[in-house]
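As a starting point, one isolated chain is supplied in structure tokens, in the form predicted on its own.
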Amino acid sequence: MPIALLSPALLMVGLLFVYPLLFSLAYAFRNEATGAWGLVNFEKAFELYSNDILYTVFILVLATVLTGLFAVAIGGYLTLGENRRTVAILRWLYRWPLFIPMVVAGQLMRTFLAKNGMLNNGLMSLGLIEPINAVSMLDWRGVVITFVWKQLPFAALLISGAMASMDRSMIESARNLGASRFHALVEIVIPQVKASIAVSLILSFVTMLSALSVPMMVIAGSPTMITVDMAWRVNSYSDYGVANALGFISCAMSGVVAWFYLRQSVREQSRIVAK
């Protein structure tokens, strides 16, 4: 009976997600010109887009690390902060980007970070920079800023929720013994919410990896991220083979991140069982 109830949903997931994914991964190894199977698509992908692949890894790693640091800082202040008004304002404010679609975030940052955008105009009005020194940040910096701003509420929500569910007796004991809020966060809170931090960062990594609108809108030239390369191969050349190969590389990146998480989870479970 449960299988019968779940079968429509499973069928839709299989037809709309699993089948296209498997089809794409399989045909990454097929040469459309000759019909032969091999690595020709991967050879062409690395020949044309090796710099873009490294560029993508650099942006994703940097954005993920910054997202984790800021999310832990927000969660830590929401948990350990003593100024109730500041905590309430931060709790209300940090969630707003969560409700903004990625394409809208890309368009907002395209105007905010441009040479004549709101950021430079604000700095010039405050006298912090001269007009001649204004520079555009529509490059890797803009992509990292957009990704961090967009994913930070999601990661902070998971992490702060995990911190809020902790037993506060240990935190209060450490504070009574003279530990600062920073030491309590680093030595007591973070070790107990490592799993939630890892989950939030992995989901953020995968979300940023799959984004097309942000690098397409923010990055003005080359190199760019491989999602843009995939769209370019399909729309400009109808080259689904190389596009599928780039998609396979994206899946491999996600798989590596997931493997590290699963490996750490298995180790922690083994330690718990051993105790």
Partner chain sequence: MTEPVISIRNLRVAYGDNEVLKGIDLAIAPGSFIALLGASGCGKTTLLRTLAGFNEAAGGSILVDGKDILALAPERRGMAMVFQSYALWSHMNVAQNIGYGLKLRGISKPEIAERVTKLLAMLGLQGYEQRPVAELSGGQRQRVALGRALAVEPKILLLDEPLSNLDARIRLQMRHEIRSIQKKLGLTAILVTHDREEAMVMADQVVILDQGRIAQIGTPEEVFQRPSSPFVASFMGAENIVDCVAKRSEKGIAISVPKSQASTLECSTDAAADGACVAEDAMGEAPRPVQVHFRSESAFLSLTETAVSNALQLPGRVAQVSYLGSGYRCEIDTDCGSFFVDHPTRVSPDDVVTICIPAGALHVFRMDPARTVAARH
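Keep in mind that what you see is a predicted model, and the values were worked out from it rather than measured. Residue numbers count along the first chain shown, from 1.
One more form of this protein, predicted in complex with its partner chain, exists but is not displayed; see below.
- Here is the short version: of Val199, Ala134, Met137, Ala179, the single residue with a heavy atom within 4.5 Å of its partner chain in the predicted complex is Ala179.
- For the candidate set Ala88, Leu128, Ala164, Met170, a heavy atom within 4.5 Å of its partner chain in the predicted complex is found for exactly one residue, namely Met170.
- Stretch 189-197 is the contacting one of 138-146, 189-197, 151-159, 71-79, since its residues have non-hydrogen atoms within 4.5 Å of its partner chain in the predicted complex.
- In the predicted complex, its partner chain stays beyond 4.5 Å of every heavy atom belonging to Ala114.
- Proximity of Ala174 to its partner chain in the predicted complex: non-hydrogen atoms within 4.5 Å are present.
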